[in-house]
Each structure stands twice: as structure tokens, then as C-alpha cells.
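First, one chain by itself in C-alpha cells, the form predicted on its own.
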Amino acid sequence: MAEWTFAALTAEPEVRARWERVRRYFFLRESTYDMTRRCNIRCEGCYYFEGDKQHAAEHGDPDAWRALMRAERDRGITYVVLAGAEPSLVPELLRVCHEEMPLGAIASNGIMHIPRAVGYRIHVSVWGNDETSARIRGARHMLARQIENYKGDSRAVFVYTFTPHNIDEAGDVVATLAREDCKVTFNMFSAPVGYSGRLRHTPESLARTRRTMTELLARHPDHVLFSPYNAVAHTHRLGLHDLFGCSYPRRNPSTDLGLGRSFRQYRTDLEWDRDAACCVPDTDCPDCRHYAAGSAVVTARLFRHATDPDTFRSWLDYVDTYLAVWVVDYTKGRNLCERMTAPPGFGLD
């Protein structure tokens, strides 16, 4: 096989334009922050309530959070991911963070509306239809409440998390969100450490999920933020760490470059532990297919994907999707590679 130079890979104007567009965001440097240990629902398999982070004391002083954000900015952090338990329960802290660090995202269950003054991307988690949400999350009429809160809100992206048991529901849920003109992306349930429950994926459920993702992307191209390569990377029999090598400190001993040098995962007491620092801590790493993890792990592998036109285009589609999901006002472009492309060094399954 002929070797491709980077100049040859970016020779076509459409590819060159996409590369130039995404590279403007390479300045993003993230860390994550648990804003509160409280939640207004309790979901089966919730990563937050695994491990010992749930027992950290809650630090609710806005001045302390403002000082933390300023210190983070000084050490080079440019993007914050605010999570919890449930961040919408502490709107004043969200406002303070946004005033000091204007780029970021909030992971929310969407039951409570976050004030417009907080201009972060808001990821509204969806785990199936209302019947499933009532059973798995203990919340009734959840989708209707989420849509009521965030319909027409350009900050919001609905994140549909596939489990082995809600694959067939995704069509109706995504169609409902598309009718309401809501944007949607996809996530995969990834088991917490020690979890042996019914939500852990199987080879059969991974294959069915990939087909469903692909069908929904084709059916709702104006509302589904995804690409064929996203589907491959997140439904492969191997998890993200085995496919790409995880960049987060929990699995990456290097402190020289990238996330290994800069990433911290703060708990509610404003402390952090490098040995546990991860975008979704207490996830079983071999089973990690989180959309949040992939957004950093896959995008960091530029050189591994700069091998041939289809692989490089697929990587550009992945980065383009990542930016559309995580950055307010970034609009996703048309996917450059419509075919399934295998991760470098692996097959498709």
C-alpha cells in the first residue's frame, strides 16, 4: 500500500477546509468537576455512586469555586466539564464557573432547567422511553419534562445512552426529539467497576446498537450528531482503551503531554487524586465506551489516523462530531466518509 503524506491527505478542498476548521479548537484543555453529591433521581449503574467520591464533603462556597476556576485558568485549563451527581441543583456555582471559564459543558438529567445565564453546552441524558426511565431511573414522564425544559435551547444536546434493553426504543425517542427540533447524540452504557447487572453490553447488543445508530443517523441527518466512525469506535467488541490507548491519568502514567499532564478530576470537596483522575471515574476500563471518553481518547490519535484517505476522513468526522456535541455554536458539517472504517490496527468488529 502506498504511503500517504499529510499534504496528500488534505489536498481535496473539502477535506482541507474541515481540517483547518477543527484545528482551531486544538487549544481546548479540559478538566472535570463534581459540583454536588446530591441528585434528584437515582439511576441503575450510575458511575457517580460507585467508589468513594460520593462520600466527599460538598463545598458550596461560590468564592471557593471562583478561586478554583481562576487557578485552573492560570495553569492552562480552557474547558470545564461540570458533573456530579446533578449540577442543576447548584445553579449559583454553575454561574460562577461560567463567569470565570466561558467554555464548557454540563452533564445533567434535564429535570430542572439551568438558567440561560450559564452559557455552557448542556448534555441531557436519555436512557430510553418514559417506561424505561421510570423503571431504570425512577423518574416519570422524563422525556416530556426534558423537552419542556430544553426545546429551542441551543445549549442543549440530548444524549441517548444505549443499553442492551433500550435499542428498539431509540427510533421512537429520536423521532420525538427530531420533531421537537432537538439535537441528539449517542452514548454507550459502560459498566462501573464490579457491575454485573443487566445493563452490561454483549457482542449481540453491540452489533444491534451499531445498526440502529447508523439507521438513525441516515433517518435524521439534521438532528443526529454522529458519524459512521463514531458508531464503529463505540460499538467495537474492544473498549476505547484497548483500541486507542486511554489518555486520562488513571490509565496513562505519562505526565509529559496532553491529558496526562493537564487533566484533573475534582470532587465536591475541591480535591483531586491523580490515580483516580478520569472523565468517568469508576468505570470498568475494558468496558469503557463512553462518548465523553472517546471525545478525548479518539481525537488525540491524529497521527494514527493519518494513514489513508478514508481513515483520515473518518477521524475528521469524529472530531467534527465531538466539537458539535461539546462546543456551543459549533455546527456539525456533512460527514466526509459514509462507509464504516476500522480503527487503525483492528478490524471492524
Partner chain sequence: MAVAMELDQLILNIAGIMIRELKLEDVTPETFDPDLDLVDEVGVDSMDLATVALVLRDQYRVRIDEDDYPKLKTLRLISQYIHGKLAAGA
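Positions refer to the first chain, counted from 1. If you're wondering where the values come from, they're calculated on a predicted model, not measured in any experiment.
Just so you know, the form predicted together with the partner chain exists too; it's not on screen, but the next bit is about it.
S.K.: Tell me which of 254-262, 190-198, 228-236, 129-137 has residues with heavy atoms within 4.5 angstroms of the partner chain in the predicted complex?
M.R.: Selected range: 254-262.
S.K.: May I ask you to state whether Tyr330 is within 4.5 Å of the partner chain in the predicted complex, using heavy atom distances?
M.R.: Contact check for Tyr330: no, nothing within 4.5 Å of the partner chain in the predicted complex.
S.K.: I'd like to know if Gln54 sits close to the partner chain in the predicted complex, meaning any non-hydrogen atom pair within 4.5 angstroms.
M.R.: Close contact is absent here: in the predicted complex, Gln54 is far from the partner chain, nothing within 4.5 Å, heavy atoms only.
S.K.: Using a 4.5 angstroms cut-off on non-hydrogen atoms, would Cys39 count as touching the partner chain in the predicted complex?
M.R.: Outside the cut-off, so no.
S.K.: Evaluate Phe346 for contact with the partner chain in the predicted complex, applying a 4.5 angstroms cut-off between non-hydrogen atoms, and reply yes or no.
M.R.: Phe346: no, not in contact with the partner chain in the predicted complex.
S.K.: Tell me whether Phe6, Arg23 and Trp315, taken together, all sit within 4.5 Å of the partner chain in the predicted complex, counting heavy atoms only.
M.R.: Spot residues vs the partner chain: full contact, yes.
S.K.: Residue by residue through 291-324, which ones have a non-hydrogen atom no more than 4.5 angstroms from the partner chain in the predicted complex?
M.R.: Residues within 4.5 Å: Thr299, Ala300, Arg301, Leu302, Phe303, Arg304, Ala306, Trp315.
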